[in-house]
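Here's a solo chain for you in structure tokens, the form predicted on its own.
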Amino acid sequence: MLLGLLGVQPSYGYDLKHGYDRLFGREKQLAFGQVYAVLARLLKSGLIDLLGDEAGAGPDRKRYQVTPTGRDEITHWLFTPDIPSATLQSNLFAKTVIALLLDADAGQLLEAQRAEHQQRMRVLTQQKRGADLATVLLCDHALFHIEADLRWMDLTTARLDELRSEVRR
């Protein structure tokens, strides 16, 4: 994402961090150290160039721009579809199976998780009220994923006895 943001125009690490936080870091902002580590890797990989240093009150400010190879990488990244759920790995599924193996109450586990999901849905729904379109769309994305998880929990709850028998074999 930082490479893509840098593709808009040459920029400083400080400005990239704030652009990222504004667009993508609503709940988890990037640390400055993380930004500069990524910039160092992009520079080493030939995806960006250093335009120069600018002296200031603090450390020198370095301005970066995307190279033609970097532009190709951005295009490749943009137009390569993500594989939905690339792995069949789920922490909730793992907890459910382990609960069944330990003869713990997997139904209770799923109910507790359902309550947590429903609480998160309330928070996201509240965040949407009066928010800008980008925030609304991000919240909707999260809400749809939570709804899918809730449907999975309903299905799994209905099949707990069958799953218990299968995992104990």
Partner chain sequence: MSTSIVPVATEPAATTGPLLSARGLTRSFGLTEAVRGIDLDIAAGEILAVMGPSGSGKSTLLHLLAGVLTPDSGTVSFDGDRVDGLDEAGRARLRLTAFGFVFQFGQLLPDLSALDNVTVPLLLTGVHRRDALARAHDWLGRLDLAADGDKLPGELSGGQAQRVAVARALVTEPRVLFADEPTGSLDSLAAEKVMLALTDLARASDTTVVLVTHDPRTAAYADREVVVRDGRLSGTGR
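If you're wondering where the values come from, they're calculated on a predicted model, not measured in any experiment. Positions refer to the first chain, counted from 1.
From this point on, the text means the form predicted together with its partner chain, which you will not see here.
Asker: Answer yes or no: in the predicted complex, does its partner chain come within 4.5 Å of a heavy atom in every one of E27, R41 and K44?
Answerer: Result no, not one residue of the spot touches its partner chain.
Asker: In the predicted complex, which of the stretches 134-142, 31-39, 98-106, 66-74 has residues with heavy atoms within 4.5 Å of its partner chain?
Answerer: One stretch meets the cut-off, namely 134-142.
Asker: Would L160 sit within 4.5 Å of its partner chain in the predicted complex, counting heavy atoms only?
Answerer: Contact check for L160: no, nothing within 4.5 Å of its partner chain in the predicted complex.
Asker: Answer yes if any heavy atom of G130 is within 4.5 Å of a heavy atom of its partner chain in the predicted complex; otherwise answer no.
Answerer: Result yes; G130 sits at the interface with its partner chain in the predicted complex.
Asker: Report yes if any heavy atom of R114 sits within 4.5 Å of a heavy atom of its partner chain in the predicted complex; otherwise report no.
Answerer: R114 belongs to the contact set for its partner chain.
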